[in-house]
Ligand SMILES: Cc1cc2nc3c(=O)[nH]c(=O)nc-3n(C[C@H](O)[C@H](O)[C@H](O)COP(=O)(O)O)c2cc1C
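Only one chain comes next, encoded as C-alpha cells, the form predicted alone.
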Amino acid sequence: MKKPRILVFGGSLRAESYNQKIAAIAADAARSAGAEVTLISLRDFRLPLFDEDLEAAEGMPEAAKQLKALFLAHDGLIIASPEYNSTLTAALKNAIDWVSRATSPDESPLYALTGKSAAILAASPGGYGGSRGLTQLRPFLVNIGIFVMPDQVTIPKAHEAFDAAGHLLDPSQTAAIHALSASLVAKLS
C-alpha cells in the first residue's frame, strides 16, 4: 500500500508563527501515523498579490509554480491557519489563489486542489484560538473541491501555550493535534 503524501504548512508569514509551530507538531504526528510528509513555510514562497493582468503579462511567478508543484505531489493537506480580524490570512488566500490557476489550456482550474483532503487547525493569542478564522477557511476550501475533516483543533492563548523548544505545554492539545493528523492519514490510506 502506498503511503499517503501530506503537505503541511502554516498560513502566516511571521518567522515565529504559532501556527507554523503547530504545523510542525501536526507534521510529526502525520509521519508517526504512517504518512510521507512535507513541511513547508509560506514565508519561503514570496508571492505577489494575485493579479490576472500580471499573470497575463509575466506568467505564473516561479514561487507559485513551485508551490503548485508541491500541492500536485501530495494527496492531502494540513493547514494551520492564523486568525486575522476573524478570518483567514491574506498570505494563505493569496497562495491558494495562485495554486488554483491553470498553467496550460488543457488543465482545468483548481486542478491542483480539487479532490484533496485537508485537516485544519489554528492557534491564536485570543481566547477563541483561531476558531473564527477556521469558520471562514472551511467553506472556502470546500468550495474549491477540498474535503475538510469534520474535526479541527484550536489553541487559545497561543502566546502562553509553548515551551522554548516549540512544544505545547498542554499534553491534551498535543494529543488533539495527533488525533486530527492520524484521522487524515487514515482517510487517505
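It should be emphasised that the depicted structure is a prediction, and the values quoted were computed from it without experimental measurement. Start at 1 with the first residue shown and count on from there.
Another form, the form predicted together with the ligand, is not on view; read the next lines as being about it.
In the model of the complex, the ligand sits beyond 4.5 Å of every heavy atom of residue 114.
When contacts are judged by a 4.5 Å heavy atom cut-off, residue 132 counts as touching the ligand in the model of the complex.
The ligand is not drawn, but in the model of the complex it has no heavy atom within 4.5 Å of residue 76. By the criterion of a heavy atom within 4.5 Å, residue 61 is excluded from the residues contacting the ligand in the model of the complex.
Using a 4.5 Å heavy atom cutoff, none of 4, 9 and 38 lies near the ligand in the model of the complex.
With the ligand left out of view, the stretch that reaches within 4.5 Å of it through heavy atoms in the model of the complex is, among 65 to 73, 139 to 147, 118 to 126, 28 to 36, 118 to 126. Scanning 64 to 100 for heavy atoms within 4.5 Å of the ligand in the model of the complex gives 82, 83, 84, 85, 86 in sequence order.
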